[in-house]
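In structure tokens, the next block holds one chain alone, the form predicted alone.
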Amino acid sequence: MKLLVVSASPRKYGAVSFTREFVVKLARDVEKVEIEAIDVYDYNIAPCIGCVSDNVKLCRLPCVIDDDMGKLYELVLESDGIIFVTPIYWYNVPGPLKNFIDRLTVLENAIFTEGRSKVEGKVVGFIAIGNDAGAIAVIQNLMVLMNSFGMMIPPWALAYHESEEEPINNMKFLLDVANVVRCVSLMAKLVKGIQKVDYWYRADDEYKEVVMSIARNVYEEIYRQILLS
């Protein structure tokens, strides 16, 4: 089973980058699942040109736009679940992430070209981070979009941090992030028939200690890289 983390931040030392790496460590060390992480700012992703508006049959793979989305489509298709980690840009996602999402239309539009959405049944989770309000607006928009693509939203699939304070100091946020990873993993395993689910959200003291330890390790590693750069 494989998860994909999609983040969107030009700041490699910021809260989004910290949270992305935190998600990766949680998936590998706690949930014991394979995971890959990308940040859309690291790729050339051109805006969608709306082929589907001319003729629904024209929007199909391979996409007519020759850019980095070709390799990113492969990562999306290989994944069983996707976790979005995004900053809040005026109650919405940054432009590069919007481009990425718009370009996923070719996978959803397979309903009309092949009979079924290529992302149908993938499990999805959402994490939004900002210094001010807007997290719920971002998350509810992403939820509607991904569900319209045919993706599945498990219980406790969202976490958000709306503060100038460092996320490492927000235990509620860290625990919610851990449970996004947990619930996306559990739902994907449930769908594949790998595992039954007895309960979803975990908040016992032992789990909190593990979550906090991983968060500190990730934070210290990012800080160490900043000092070395």
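Heads up: residue numbers just count along the shown sequence, starting at 1. Treat the numbers as computed from the prediction; the structure is a model and nothing was measured.
The following text describes the form predicted in complex with another copy of the chain, which does not appear among the structures shown.
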Is Met187 close to another copy of the chain in the predicted bound form, meaning a heavy atom pair under 4.5 Å apart or at it? yes
Verify the contact flag for Cys48: yes if a non-hydrogen atom of it lies within 4.5 Å of a non-hydrogen atom of another copy of the chain in the predicted bound form, no if not. yes
Heavy atoms within 4.5 Å of another copy of the chain in the predicted bound form: does Lys196 have any? yes
Tyr73, heavy atom within 4.5 angstroms of another copy of the chain in the predicted bound form: no
Contact check for Met212, Ala215 and Ile222 against another copy of the chain in the predicted bound form, heavy atom at 4.5 Å: no
At 4.5 Å, heavy atom to heavy atom, what parts of 126-141 sit next to another copy of the chain in the predicted bound form? List them in sequence order, or say none. Asn131, Asp132, Ala133, Gly134, Ile136, Ala137, Ile139, Gln140, Asn141
